[in-house]
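There is one chain below, alone, in structure tokens, taken in the form predicted on its own.
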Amino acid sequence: MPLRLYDYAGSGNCYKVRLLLAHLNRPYQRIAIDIFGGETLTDEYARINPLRSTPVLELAGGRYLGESGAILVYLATDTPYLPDDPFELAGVIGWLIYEQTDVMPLIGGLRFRMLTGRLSPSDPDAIRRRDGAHDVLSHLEGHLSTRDFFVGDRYTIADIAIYGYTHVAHEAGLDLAPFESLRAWLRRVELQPGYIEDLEPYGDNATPGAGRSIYD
């Protein structure tokens, strides 16, 4: 059975998995899930993922794997995108954690709320997230000022995870002009074999009150 990916086209977390699959040139069946159309709220979807989130990777034997970072690790095992060296492997895991605890909530969360009209630029929560996002970008800039990629001397799933949200930071109203090393790294990612950019806009039902989701 081919891999099946349950995903939402506008989600950065889902895009990261599609990007790795494209790098790997690995075939899979893509199953679109409208997270704002109530499709994660059904009993059927709860059997796939009780957390009702995307992405979910379906494996042979009816096994399901959720959480984008876990899916990246699974797919990258025994490939150049995940180091064998224990120290570098731990470094990748550390960046995957940071991406979910800081990059995604502050940059991705701000982008989501701005694009769907949940926040305006002057809202206190938007200002808080924007300030936090600038701190995140400064941290990434400092790390990349002395290296080409996040871990070791090669492109790994640490880069893929962080790229998923930083490459659209401008959609959150964030200015990347001061972050020269980060912008150079974005260009290096986009030169990797198999690179794709298929992140789509949020649908009209993502606006407040227009749909049904775990985010409303």
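Quick note: we count residues from 1 along the sequence shown, nothing fancier. Here the structure is a predicted model, which is why all the values come from computation and not from measurement.
This protein has a second form, the form predicted in complex with a further copy of the same chain, left out of what is shown; the following refers to that one.
Asks: Using heavy atoms only and a 4.5 Å cut-off, determine which of 59, 184, 31, 41 is in contact with a further copy of the same chain in the predicted bound form.
Replies: Only one option qualifies, and that one is 59.
Asks: Let me know the one among 37, 152, 69, 173 whose heavy atoms come within 4.5 Å of a further copy of the same chain in the predicted bound form, would you?
Replies: Only one option qualifies, and that one is 69.
Asks: Please tell me whether any heavy atom belonging to residue 73 falls inside 4.5 Å of a heavy atom of a further copy of the same chain, as the geometry stands in the predicted bound form.
Replies: Yes, residue 73 sits close enough to a further copy of the same chain in the predicted bound form that at least one of its heavy atoms falls within 4.5 Å.
Asks: Give a yes/no on whether residue 86 approaches a further copy of the same chain to within 4.5 Å in the predicted bound form, heavy atoms considered.
Replies: Yes, contact at 4.5 Å.
Asks: Would you check, heavy atoms only and a 4.5 Å threshold, whether residue 178 touches a further copy of the same chain in the predicted bound form?
Replies: No, residue 178 is distant from the partner.
Asks: Is residue 100 close to a further copy of the same chain in the predicted bound form, meaning a heavy atom pair under 4.5 Å apart or at it?
Replies: Contact check for residue 100: yes, within 4.5 Å of a further copy of the same chain in the predicted bound form.
Asks: Does the trio 109, 124 and 188 actually contact a further copy of the same chain in the predicted bound form, every residue with a heavy atom within 4.5 Å?
Replies: The answer is no: none of the three residues contacts the partner (heavy atom, 4.5 Å cut-off).
Asks: For the stretch 145-164, which residues lie within 4.5 Å of a further copy of the same chain in the predicted bound form by non-hydrogen atom distance?
Replies: Stretch hits: zero.
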